[in-house]
Ligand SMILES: NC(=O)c1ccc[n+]([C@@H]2O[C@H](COP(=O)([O-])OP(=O)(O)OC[C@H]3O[C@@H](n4cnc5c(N)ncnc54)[C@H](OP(=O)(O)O)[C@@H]3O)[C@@H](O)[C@H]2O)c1
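Form predicted on its own, single chain, as structure tokens, below.
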Amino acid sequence: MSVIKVAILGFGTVGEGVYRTIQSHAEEITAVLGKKVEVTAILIQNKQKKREVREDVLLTTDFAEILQLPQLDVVIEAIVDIEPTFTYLKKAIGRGCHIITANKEMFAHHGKELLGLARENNVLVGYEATVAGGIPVIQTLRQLLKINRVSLIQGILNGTSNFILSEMREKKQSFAESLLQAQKNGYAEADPTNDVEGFDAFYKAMILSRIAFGEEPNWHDVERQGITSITNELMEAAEKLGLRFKHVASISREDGRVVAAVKPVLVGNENPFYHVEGVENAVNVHSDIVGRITLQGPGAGMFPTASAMIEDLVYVCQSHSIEHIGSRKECSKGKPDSEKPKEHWLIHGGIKKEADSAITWIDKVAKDTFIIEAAQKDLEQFVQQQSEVCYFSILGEVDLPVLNKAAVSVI
């Protein structure tokens, strides 16, 4: 029986998970591929550290040694940072290897170039693990995009920020206390900026945009908001309304262009994200034929991420066609800003000036906290006249309880 030779770059949580899964599911992988998969080399940082791997596996700190192996079919990358990862994968493609990556930041920046190089070298790129851990959202989009036209993707794409919001609400903790718990549990890094400020979700959203629409928005035009402004006071106000805070990335095509945002929003119990708690991820896809589908599952961890990479291993070894990222069929164009319907918002802060008639003040939830109805452009214009005011969109149709029928004063 012929053998597929694999190298793993990095042997941390993800790399070790991939190695262990290849060993534990060897029979299943062989049955699917008709070939045995064998890990032949692992790129490591410290040769002195003891690792439980077979004696015939090359352990090396030098990537050049891996490239010089007599047979090398697939390179699975499980490192962090943009470099040297990008350089390693380019060299692997040049060698004629399929590549699989979980590195969302690197792939957001250089995925288009890697896919182009792969086409030139007649190899494939697997990147399911870059977006939502064990959730097969990329494979699902690949299937949907054969006929369906995707109009909107929304997702909870970062388990750390979702865990923090869940802890704040359930345990009545501050953001700082919930972040510390996330760090103790190993969900957040010592520097949590990428997670709590939305960079991680942003990179994932750009990857999804490329798949769904064949292009990305201008990165500088994407609204990116973290969760650090959410306080216990805001959490309590949301609970009074039967709403929950979620950190959601959205990508859509509007008025002929792709637009995206990563920001905290409020959802009611009819929204599929309402019950997504802890480190779970979820992705909601809207398309013209199938309608709306939601995928939910673990967004990170040793075996969820390894699962996505092993499925990619099967994908690259079985596929005979090279993925092409190009122009996707458009759904009907969205409405121009001037025609967009009004939305409900939760607005909070020291409001110093009355709004004009474009904003409807619906109710006062708590001190300096109101429910309003407005078009986004009108709300943004109003907020520019204020100081230290924040606002959050309420997604979808929700039944807002009437807390006070009396006229709302904002002064």
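The first residue of the shown sequence is 1; numbering continues from there. None of these values were measured; they are calculated from a predicted model.
What comes next is about the form predicted together with this ligand, which does not appear here.
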Next on the checklist: in the model of the complex, does Asn103 come within 4.5 Å of this ligand, counting heavy atoms only?
Outcome noted: yes
Checklist entry - According to a 4.5 angstroms non-hydrogen atom cut-off, is Lys36 in contact with this ligand in the model of the complex? => result no
Checklist entry - Though only this chain appears here, would Gly242 touch this ligand in the model of the complex if you measure heavy atom gaps against 4.5 Å? => result no
Next on the checklist: My question is simply whether Met168 lines the interface with this ligand in the model of the complex - judged by any non-hydrogen atom within 4.5 Å.
Outcome noted: no
Item to check | Stretch in contact in the model of the complex with this ligand, which is absent here, among 374-382, 23-31, 342-350, 41-49 (heavy atoms within 4.5 Å) | outcome: 41-49
Checklist entry - Tell me, which of Leu157, Ile164, Ala129, Ile76 has a heavy atom within 4.5 angstroms of this ligand in the model of the complex? => result Ala129
Item to check | Contact residue in the model of the complex, from Ile207, Ala300, Leu141, Ile230 (heavy atom within 4.5 Å of this ligand) | outcome: Ala300
Item to check | Residues from 375-399 in contact with this ligand (non-hydrogen atom within 4.5 Å) in the model of the complex | outcome: none
